[in-house]
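First comes one chain, alone, set out as structure tokens in the form predicted alone.
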């Protein structure tokens, strides 16, 4: 991976008197770059410092835990001491989900990955790209295709955007979702062409309706046969097209090449990444422009941009901490990881039910725009749902059999024996600082618990 940028808006974070490496900042890093951390992980990274911690987050995944599964429902059940590793187990659960044809089991498989992967950043990025290239099983209706797309997003999540785009646009689930299979010479279907420019690359205002029609013509001949992409010459319109000021007998690959060199694309990627890693009104227009410029110079290298963000002074600034509304999955998984409620594992199928209730139904984004995110996550209905989830978590009802939360035992494990120190421990563990009052259930229902 290339070194992060050093432009004036993306200066590397330095531990100085005014911005020390506090627990607050380490907690923030784990909440934004992953799904939270337990006490030992927070202490480890306080000791290691920001550079080593970001190195670890960006590095090769390490196994956290492995669990045996009961094939009857493909949920992790029992901690294993065998050499079974995370990759083989997630493969087993994923294959079982595909074989069953049950999309809820595929959702449970993704929750398993989110809970136990040693590379939570990649899972965060996969979730982000799932929202960017929003594809719903409501129309695709094929578990195997949805899993294949999810694997594709994960494989390219931190690579070059061009590789990701080329793979997604030719993905069977995407083609089914946007009716690309019906795009034939003389009868062009514009759905894929429109979303390719509006949502996936350039954004509104950077193309014309004529460009949409011409790109649709260029994409004719792309179809899906037997679940795989295929280019059928007989279906392709091989006439001359004009796309974004260029003229030629373009096909789909030619169009992607034209789109990938358009200046607005890098800025759109920069905006998407800053939405994921910053709160509202933190990143200035100039900073976005600088990040976009760096992306263009580096062939749209997503990994470079993510590293630049995570190492930056802006990322660790006080006004970027605790001000971003957590999406339902972050809200649910964060406490489970922090409170060490992963051994034995919670029911991933129950987590699937709760994420749907809270508005983030994996593999079913609401439309081509994905989930709107931000403050829209917090409605009267979802706030009641989040409070009910917290009660369920604290009672231990996410586990089968129930495993009530034992915060006192957890605090004692880490050396906090008195009632007062245990309260401070819980506040620091869940929020990165002292001062949150009440028991854990009250803390997790507080306004601050929805931000991170």
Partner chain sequence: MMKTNRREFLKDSSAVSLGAFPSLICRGTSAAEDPRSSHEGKILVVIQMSGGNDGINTVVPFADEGYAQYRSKLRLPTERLLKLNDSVALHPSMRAAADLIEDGRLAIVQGVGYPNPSRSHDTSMAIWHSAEIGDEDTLRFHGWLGTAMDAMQQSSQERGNSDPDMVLLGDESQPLAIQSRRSTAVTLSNLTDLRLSHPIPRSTDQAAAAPPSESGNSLDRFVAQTMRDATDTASGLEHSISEMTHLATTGGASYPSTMLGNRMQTISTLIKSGFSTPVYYAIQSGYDTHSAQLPTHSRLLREFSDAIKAFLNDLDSSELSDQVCVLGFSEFGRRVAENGSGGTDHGTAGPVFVASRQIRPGLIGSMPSLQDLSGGDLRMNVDFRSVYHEVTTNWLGVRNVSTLSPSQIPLNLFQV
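Residue numbers count along the first chain shown, from 1. Predicted, not measured: the structure shown is a model, and the values here were computed from it.
Keep in mind that the form predicted in complex with the partner chain is missing from the display, and what follows is about it.
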* In terms of non-hydrogen atoms within 4.5 angstroms, which of the given stretches 333 to 341, 261 to 269, 92 to 100, 372 to 380 touches the partner chain in the predicted complex? -> 372 to 380
* Structure fact -> Among 198, 275, 301, 119, just one has a heavy atom within 4.5 Å of the partner chain in the predicted complex, namely 198
* Structure fact -> The one option of 412, 387, 52, 402 with any heavy atom within 4.5 Å of the partner chain in the predicted complex is 387
* Full three-residue contact with the partner chain in the predicted complex, heavy atom 4.5 Å, for 138, 179 and 391 -> yes
* Could you confirm whether residue 202 comes within 4.5 Å of the partner chain in the predicted complex, counting heavy atoms only? => no
* To do: Indicate whether residue 194 is a 4.5 Å heavy atom neighbour of the partner chain in the predicted complex.
  => yes
* **Exercise: residue 189 in contact with the partner chain in the predicted complex, heavy atom 4.5 Å** => yes
* Just to confirm, residue 44 within 4.5 Å of the partner chain in the predicted complex by heavy atoms? -> no
* **Residues within stretch 306 to 342 having a non-hydrogen atom within 4.5 Å of the partner chain in the predicted complex** => 323, 324, 325
